[in-house]
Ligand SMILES: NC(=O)c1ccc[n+]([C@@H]2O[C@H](COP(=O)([O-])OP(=O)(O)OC[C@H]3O[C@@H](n4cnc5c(N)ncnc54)[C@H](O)[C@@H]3O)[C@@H](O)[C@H]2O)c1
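Before any questions on how it binds or moves, here is one chain, the form predicted on its own, in structure tokens.
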């Protein structure tokens, strides 16, 4: 019998997961819920199934085995809790929440239900990043240096607001925070500063908003640059610099300094030198793996995954500790105090 899969939130990143799910012959796509019903109906025309403007109706009428959650950060919470209450396994895009209180509440529901969960930290699944993790095992790690530079402000209307997205370091750059944990272990404490270096509002006369990254916004309360210094539990230090100031291109990556090894990570690809020399590129289909692992585990009757919900909670804790540090004037904040 085919695995029954539903989707909550069908815009943006959901399109990747919809297309990847449709490739699987052992999966039946049974339904789609979206506050914009027309988007859910478009999925019905393309993939089959039923459209809903209420995820509860999707859960109760279709009784899916797995739900793929691709809503904006501020919409998380009840979607996951209601799935857990019904024993529905779920995949959720990062970040898992905009507050630690909400993330902890969902984690409690997950633990009570015993369902399988997976968070969309896809970079952990690249063959190259997995190889880097192997190479770093047993070495003293000195520095984890990461950056995430975006060529402007993403277009979703909720993105420029702290209460809705959690700020820029909580969005796409959370991949870098999570990879740091993947390579070097958990973070003990964070010091952070933010700034806004350009004028984003009001929108100048004659400005035409492009389809992708924006240079202006009607309203905005998030900073456009962030700098973080992290101390890992191992004693390693780490940095993350983020920017949404418009420039030429997306640029994100890592350098890891470890005893006997210098690693460079660019997207899903990696190279290294020292007492070992090499490089590795990710397979073309690497973004599929994070979702497929959940499907495969549920089909096999297992609930263990590589990135369960608690991993999303831990990575969220780093970014929230960063913003707490900013509130305290750049003081050091222990992640455990927020958890």
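Positions refer to the first chain, counted from 1. None of the values given here were measured: they were computed from a predicted structure.
Heads up, the form predicted together with the ligand isn't pictured, but that's what we're talking about next.
- Among 173, 180, 167, 120, the residue placing a heavy atom within 4.5 Å of the ligand in the predicted bound form is 120.
- Contact annotation: of the candidates 71, 243, 107, 189, the single residue with a non-hydrogen atom within 4.5 angstroms of the ligand in the predicted bound form is 71.
- The stretch in contact with the ligand in the predicted bound form, judged by heavy atoms within 4.5 Å, is 34-42, chosen from 267-275, 301-309, 60-68, 34-42.
- None of the heavy atoms of residue 328 is located within 4.5 Å of the ligand in the predicted bound form.
- The closest heavy atom approach of residue 94 to the ligand in the predicted bound form falls within 4.5 Å.
- Within this chain, residue 13 lines the site of the ligand in the predicted bound form, having a heavy atom no more than 4.5 Å away.
- The closest non-hydrogen atom of residue 156 lies within 4.5 Å of the ligand in the predicted bound form.
- Annotated contacts: 8, 75 and 79 all touch the ligand in the predicted bound form [non-hydrogen atom within 4.5 angstroms].
- Taking the ligand as positioned in the predicted bound form, none of the residues of 254-269 brings a heavy atom within 4.5 Å of it.
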